[in-house]
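Okay, so we've got the same protein chain twice, two forms, each given alone as structure tokens, structure 1 and structure 2.
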Structure 1
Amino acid sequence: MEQVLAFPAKWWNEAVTVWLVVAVVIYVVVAVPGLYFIMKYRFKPGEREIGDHEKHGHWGLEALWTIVPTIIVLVLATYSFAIFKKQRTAPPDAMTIKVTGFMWGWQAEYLDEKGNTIKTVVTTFNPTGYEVPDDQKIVVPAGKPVKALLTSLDVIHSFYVMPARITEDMVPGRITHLWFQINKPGEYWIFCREFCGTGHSHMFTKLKVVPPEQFTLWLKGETNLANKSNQIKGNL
């Protein structure tokens, strides 16, 4: 079985597939007859000059295309509701981080068991490029659910974890939340998707997903993670 890259992206992808199939089927069911009628029922002088002017409608057909779409959309909404519950409920073993948005960057705080901040990552605004210095990446362990508590210092921002396909706004005066889990170590994009002024398109950072043991080291303050991790393995 192929490994799932990220949650809740897995369910999001499934939902998109379901919608796409339904949409393509409806498109074909509507567009093909439409195009066919345009081809077939063409005005021809002397042959076909008036349309079918007796028929003003068909209650059976009209009822059919009211009831069937109603059922389809209610099923889709209910299916989306079921996924939405999973998207919004972080698993009980999730670790919590606090992320605060500002113009234009984020501050991510890592907490200990008592809820005290033990490490902080702050990104700086880079109006020209899209490179992220290593110490400004938000580091999380692979395969572990992460719950992010979000707020903002100034205007409304948002926190979009691209591989997890999840966004939530950061609203001053409120605490909002989202959760995600990335299973494959690597670096992924994080963007602000709520318009926040001049630097909006440069409010970005990278999410650095590392194996759990490297994450523990990083939390303790080690910077060269891969090196340190190998060193420990070598010692063993």
Structure 2
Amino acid sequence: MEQVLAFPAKWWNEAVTVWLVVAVVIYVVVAVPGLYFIMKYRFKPGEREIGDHEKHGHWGLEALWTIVPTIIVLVLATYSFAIFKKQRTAPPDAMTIKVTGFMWGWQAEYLDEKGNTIKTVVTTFNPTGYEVPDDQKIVVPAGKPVKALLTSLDVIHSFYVMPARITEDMVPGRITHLWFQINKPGEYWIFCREFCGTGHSHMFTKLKVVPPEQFTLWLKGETNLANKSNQIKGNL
């Protein structure tokens, strides 16, 4: 079975496919007969120049092209709302981080069950390149849902988790939220998607996704994660 890289990206991809298929089918159903009638009933000198005036509609066709589109709209609206609700509601077992945006960096605070900060990571502004020091990367465990509480210190930013295809505005004085889950360990981009000043194009960081046991060690302050992880695997 193919492993899903990230949520809610999986649902967005499915929704785009559904909407695209429906849109193409509707386009074909409307455009093909339209082109046919344009050609068939185009103006021809000496032929049906006045047109038919004794016909005034067809109740069956009127009902058909009213009921069918209504059903399609209701189905798409229900389906889309279900997708929206899933991407807005974090799973109950999600871990929580608080991310604060500022011109032009990020601060990620890892919270315990009581909301106390147990670790903080700050990504500073890098105006000359796109490298992120390892100790400034936001680390999360693979396969674990993460709920991010978002705010800003200055202007409006937007927290965009690229592999999860999700973004949310960070507003000064307010707490917004999103959640995501990355299943494959690796490093992924995080960008600001709201223009926030001259340094906006360099407001980024890296999301470092590691196996859960490595994340536990990192959260405790262990630095040599690779060796510690190998020790854990060797003891299993």
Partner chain sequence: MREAISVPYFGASLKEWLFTTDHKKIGILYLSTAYIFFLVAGFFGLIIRFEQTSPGIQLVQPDFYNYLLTGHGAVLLLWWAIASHIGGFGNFLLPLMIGAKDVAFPRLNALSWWAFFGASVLVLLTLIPGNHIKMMWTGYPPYSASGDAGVTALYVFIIHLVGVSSIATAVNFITTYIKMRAPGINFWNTNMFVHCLIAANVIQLVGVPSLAGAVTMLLLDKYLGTNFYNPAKGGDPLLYQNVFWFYSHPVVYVQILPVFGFFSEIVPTFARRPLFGYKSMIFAVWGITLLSFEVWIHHMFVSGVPDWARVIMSYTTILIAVPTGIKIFNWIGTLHGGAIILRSPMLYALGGIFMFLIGGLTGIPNAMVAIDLGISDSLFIVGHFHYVLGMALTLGLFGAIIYWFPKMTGKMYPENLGKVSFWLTFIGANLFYFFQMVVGMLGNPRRYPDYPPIPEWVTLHNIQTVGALILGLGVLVFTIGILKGLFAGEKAPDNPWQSQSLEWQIPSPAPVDNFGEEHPKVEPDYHPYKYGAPPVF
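Residue positions are counted from 1 along structure 1's sequence. Because the structure is predicted, anything quoted here is derived from the model rather than measured. The term rigid core refers to the most C-alpha atoms you can superpose between the two forms while keeping them within 1.5 Å.
Engineer: Look at both copies of the chain and name the one that is the form predicted on its own.
Structural biologist: Structure 2 is the matching one, since it is the form predicted on its own.
Engineer: Cα of residue 189 displaced 2 Å or more between the two structures, core superposed?
Structural biologist: Shift at residue 189: below 2 Å after core fit.
Engineer: C-alpha of residue 211: shift of 2 angstroms or more between the two structures, rigid core aligned?
Structural biologist: No; that C-alpha moves by less than 2 Å between the two structures.
Engineer: Would you say whether residue 172 is displaced between the two structures, judging by a C-alpha shift of 2 Å or more on the superposed rigid core?
Structural biologist: No; residue 172 is a residue whose C-alpha shifts by less than 2 Å between the two structures when the cores are overlaid.
Engineer: What is the magnitude, in angstrom, of the C-alpha shift at residue 64 between the two structures when the rigid core serves as the superposition reference?
Structural biologist: Residue 64 C-alpha displacement between the two structures, core-aligned: 7.3 Å.
Engineer: What does the CA of residue 41 shift by between the two structures after fitting on the core? Give it in Å to one decimal.
Structural biologist: The shift comes out to 9.8 Å.
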